[in-house]
Ligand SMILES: N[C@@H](CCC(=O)N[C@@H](CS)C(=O)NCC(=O)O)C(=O)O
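This document opens with one chain alone, in structure tokens, the form predicted alone.
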Amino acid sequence: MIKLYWAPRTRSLRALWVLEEAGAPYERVRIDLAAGEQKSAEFRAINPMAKVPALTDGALAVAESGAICAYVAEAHPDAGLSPQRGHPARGRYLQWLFFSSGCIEPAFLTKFANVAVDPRMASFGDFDRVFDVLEAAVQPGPWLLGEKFTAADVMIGLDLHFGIDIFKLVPTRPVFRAYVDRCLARPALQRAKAIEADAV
């Protein structure tokens, strides 16, 4: 059975959401970050970066929330959370899975730190370009790949939710607001948020 190593108010919400979307049976193992449980040798054997979320499935271990989303989607194909290999949408799906860590998070960091980065030197370009590209991607709707919700929407939907509603870093654009609201209305995300709220 899948074990999810998690903590509330972290990127673990992505893993909780994708597992709830997949309808996958899983066990939650809460990691007490304040007590430093993430630094234990036992946990670092699962994730050497000593971060949550992390996931095990038998002898398999995977960390990084984008990788977890990809793994869960492929391990539970009946949930339809990823285009199958060879499908024309597969490339864009993978692009959006990696866009979160490769573009959005660095853009957030530069905005938080108020650091100017030469767009020619930054792998993500610049803050405005990241969110202009996202706006164009979610404009057709309802989801990144059109009518089909995927694990990529878990990653991008939560990034936009946190960037707009929590961190107040991303100016609200009507297209973003509508997309985030569709994400927040999904029953699986509501279940994931309830799990997190009960643990706080």
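Note that the coordinates shown come from a computational prediction; the quantities given were computed from them, not determined experimentally. One-based numbering along the sequence shown.
Not on display, but discussed next: the form predicted together with this ligand.
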> Since exactly one of L169, L33, A61, V133 fits, which has a heavy atom within 4.5 Å of this ligand in the predicted complex?
Replying inline: L33
>> Taking any heavy atom pair closer than or equal to 4.5 Å as contact, tell me whether K51 reaches this ligand in the predicted complex.
In response: yes
>> Does any part of Q38 reach within 4.5 Å of this ligand in the predicted complex? Heavy atoms only, please.
In response: yes
>> Taking any heavy atom pair closer than or equal to 4.5 Å as contact, tell me whether R11 reaches this ligand in the predicted complex.
In response: yes
> Using 4.5 Å between non-hydrogen atoms, is S65 touching this ligand in the predicted complex?
Replying inline: yes
> in the predicted complex, which of 52-60, 22-30, 171-179, 141-149 comes within 4.5 Å of this ligand (heavy atoms)?
Replying inline: 52-60
